[in-house]
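Next up: just one chain, as structure tokens, the form predicted on its own.
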Amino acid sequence: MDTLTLKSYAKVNLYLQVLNRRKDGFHNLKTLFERIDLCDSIILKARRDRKIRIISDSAEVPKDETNLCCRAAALLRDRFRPDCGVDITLIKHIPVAAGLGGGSSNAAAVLVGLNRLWKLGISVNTLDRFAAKIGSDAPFFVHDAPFASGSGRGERVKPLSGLTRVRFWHIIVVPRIKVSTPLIYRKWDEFSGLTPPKYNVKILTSALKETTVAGLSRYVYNSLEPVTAGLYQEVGAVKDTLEKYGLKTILMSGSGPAVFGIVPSRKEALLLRSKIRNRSWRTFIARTV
């Protein structure tokens, strides 16, 4: 096997509470990840030399060592010294810098894929530790779990086995703006007037099993949403539009600008997408996977 093709899934955060800024500059938080079937494709092809090359159909993806996939491959190459390198081809569908975890997911897929391609025999727990060196969201994607809680800076991941049968349909709306995650967290440090959440991850986890789609609106939460919405009016405009069409459970994912609504069915998601006329917004329909 010298070529491997993988799906690299996106995520949304059903809950994201930022607790405090840490001495290392990161922030402690509590979050609940959901893996969705909006995905990129990654093709790994072994090379005879030890070089790592990035190829992509997207102009937004860096092709040098700053690419998270390149960093992931270099971590494994330098630690385990395989006698080969890899060409990494990224076929992008997940919007870049949207709060959907595309870059972290790509890097995690490379870790999982190279473990197989290079026959390294690394455990999931070890892959998790490598992923944590790349980004706070990356460890979630190493675990084969539709839902997981995250703590620390998000890298301490606990798959939620009790939710394996829970599936949601989403409409995801992404304004064509780029949001800098470090900027949003810096602004959060300055932000005052945040309403503390009434519910925590544990209560939300129970609600996901028992509550209707509309009833989830009281449990989902994102500390960063008012910060991003204060800087980018488009985020509020998306929420207002989804509310106008009757959605109850609407939330920004990560640091934005992607906003998602939970809907009862694919049919309803398609109908809603047909009503959204703003050409500067990209819309996606996705399901838990």
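All figures in this text were calculated on a predicted structure; none of them were measured in a lab. All residue numbers refer to positions in the sequence shown, first residue = 1.
Unshown form predicted in complex with cytidine-5'-monophosphate (C5P); subsequent notes refer to it.
Sort through 91-99, 156-164, 174-182, 200-208 and report the only stretch with a non-hydrogen atom within 4.5 Å of cytidine-5'-monophosphate (C5P) in the predicted complex.
Comparing against cytidine-5'-monophosphate (C5P) in the predicted complex, the contact stretch is 174-182.
Evaluate I52 for contact with cytidine-5'-monophosphate (C5P) in the predicted complex, applying a 4.5 angstroms cut-off between non-hydrogen atoms, and reply yes or no.
No, no contact at 4.5 Å.
With the cut-off set at 4.5 Å between non-hydrogen atoms, does F26 touch cytidine-5'-monophosphate (C5P) in the predicted complex?
Although cytidine-5'-monophosphate (C5P) is absent here, F26 would touch it in the predicted complex, with heavy atoms inside 4.5 Å.
Wondering, does G135 line up within 4.5 Å of cytidine-5'-monophosphate (C5P) in the predicted complex on heavy atoms?
Taking the distances in the predicted complex, the answer for G135 is yes, it comes within 4.5 Å of cytidine-5'-monophosphate (C5P).
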